[in-house]
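First, one chain by itself in structure tokens, the form predicted alone.
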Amino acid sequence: MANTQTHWNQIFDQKPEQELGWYETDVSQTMACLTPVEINQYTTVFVPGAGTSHLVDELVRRGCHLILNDISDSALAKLNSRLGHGNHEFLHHDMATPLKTSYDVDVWIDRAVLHFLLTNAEIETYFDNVRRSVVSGGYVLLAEFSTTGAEKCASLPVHRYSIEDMQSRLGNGFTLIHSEDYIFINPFGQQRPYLYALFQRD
């Protein structure tokens, strides 16, 4: 698998976060897609690729229980230093492999993680993790490179997604609530077409 812990640790260790291709301080796009979802102190939110994302800070302000995962322990250490103690826990796991712990997740928020998984086995394992974790009535937000998006990110090839691909991978037990194409302007001024899609589990 190309996207190893070493690769991601080198990125987070060697670059300031403002130079990361996915860096954003304005997380309003993601939060707008979550408008139908009530996130409060009773909500458990799983973020499969937390990195050093400022989305996490907004979720902390909502008071929810956060499970913050990343393949990079360097990223998690930086995030832990920024957040300090609170209603959150850190998980160091590769989402291409089965989760070792069972979680009851109300909201699963993935911005730019899934598209780094390339083989069918990796992708199916990721979605198995989703299906085993998200409770009935829970939500899944996927924000990935669209079919018109870039073919690489962080020097790695990516799997670009359509709504049909996302729905097929999730299965019939998830209903599409909202989707939209979004052009993200990265820190270098480049356009990166994303697809945002919110699903709810039956």
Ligand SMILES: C[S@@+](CC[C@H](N)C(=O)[O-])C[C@H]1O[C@@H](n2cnc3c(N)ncnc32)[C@H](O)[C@@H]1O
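Residue indices: 1-based, along the sequence shown. Computed from a predicted structure; not experimentally measured.
One more form of this protein should be noted, the form predicted in complex with the ligand, which is absent from this view; the next part is about it.
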In the predicted bound form, does every one of Trp108, Arg131 and Met166 come within 4.5 Å of the ligand, counting any heavy atom? no
Would Gly49 sit within 4.5 Å of the ligand in the predicted bound form, counting heavy atoms only?
-> yes
Just to confirm, His93 within 4.5 Å of the ligand in the predicted bound form by heavy atoms? yes
| query | Taking heavy atoms and a 4.5 Å cut-off, does Asn69 contact the ligand in the predicted bound form? | reply | yes
| Taking heavy atoms only, is Phe199 within 4.5 angstroms of the ligand in the predicted bound form? | no
Testing 131-139, 51-59, 37-45, 167-175 against the ligand in the predicted bound form with a 4.5 Å heavy atom criterion leaves exactly one stretch, namely 51-59
Checked 15-36 against the ligand in the predicted bound form; residues with a heavy atom within 4.5 Å, sequence order, are Trp22
